[in-house]
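To begin, one chain is listed below as structure tokens, in the form predicted on its own.
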């Protein structure tokens, strides 16, 4: 199939493959360390073997994605998006989980449709924006892009899964900007978010309004446009208390703990506190593989899933977390290089979306383990235990490698 497409396996980006193998290896080491203990349940002790099987399956999935011609990826984009939205609706009625509706539970297999939605939304958005007829000065075209992202985001929030919803929503602005959206429009989108975050305090709200007014004046837009933007932001500020009251109690607690307005060392803050202790106690060289006391004594919660970065910090130390972060940086940098050099607009937007999804996962996950981001329950790509997450990330890598092989095709 590659020969017919006039491309060769030798042209594949081997640096990206090495980065993925290194990250998966570190993840498997950490999963083995956290689950290989007499005090853990039998189900958790099997996590290491399951993760290996899921990785092998994910590698085959990524290979299939690499072999798929671009026209097929583009052709199935809207259909896959439609299927993902249907699945997100169905899971609200028949899905399972502890107080949530996130998974289809089929015996021992738990399938999370939100993972499919990430890929589907990315492909659909790339296909829509790659159409030469699109005009990003048109409110209609911009509005369609917003709707394509906000529909799955709203359904995922309904499950509820705030972390995944944030990841899906994060696709919008980077892909739109790469497609040619003007910086002023990006500002129009970002300014209500700034207003919302600042509306909890009269002084921060006032400072945000001053900042927005200054930017509007510097933009030299017409007076009706400036007034409309100003009214929109004031409205967002006025509605913020109502939106806050619609959040679940645990979501409010996480946000308040994150911004330092509430100390909760025995509740939500416990996870972050134990994570900080684990990372800090690792020092420069770490305590050694499978020798982490925070890990072995089970002080660190969710250690083989959401807080696996803390395990790396405790057992491999500063050099270990630096190695992981540098590997992610190299992977994303190489992917951006593919996005820049790709001649096909669909491919370049697709890769930017892949970089955004992986990058946001890394920033939010590592940020929450060191206490500079709220605990949103999203995994660290390639390291955290979980088949759905690993397959999604392997698919993203497959899409990046696919674009790399075909970057000079129009």
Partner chain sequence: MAKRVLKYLLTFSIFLLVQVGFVPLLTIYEVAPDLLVVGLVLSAIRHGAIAAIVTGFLAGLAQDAFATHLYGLQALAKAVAGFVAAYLARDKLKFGLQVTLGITLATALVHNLIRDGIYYFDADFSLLHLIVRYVIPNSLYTLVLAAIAHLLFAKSFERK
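None of the values given here were measured: they were computed from a predicted structure. Residue numbers count along the first chain shown, from 1.
Separately, the form predicted together with its partner chain exists; it is not shown, and the next lines address it.
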Full three-residue contact with its partner chain in the predicted complex, heavy atom 4.5 Å, for 53, 69 and 110
yes
**Asked** Taking heavy atoms and a 4.5 Å cut-off, does residue 106 contact its partner chain in the predicted complex?
**Response** yes
- Check whether residue 61 has any heavy atom within 4.5 Å of a heavy atom of its partner chain in the predicted complex, and answer yes or no. yes
_Is it the case that residue 57, even though its partner is missing from this view, gets within 4.5 Å of its partner chain in the predicted complex, heavy atoms only?_
yes
Testing 345 to 353, 61 to 69, 367 to 375, 29 to 37 against its partner chain in the predicted complex with a 4.5 Å heavy atom criterion leaves exactly one stretch, namely 61 to 69
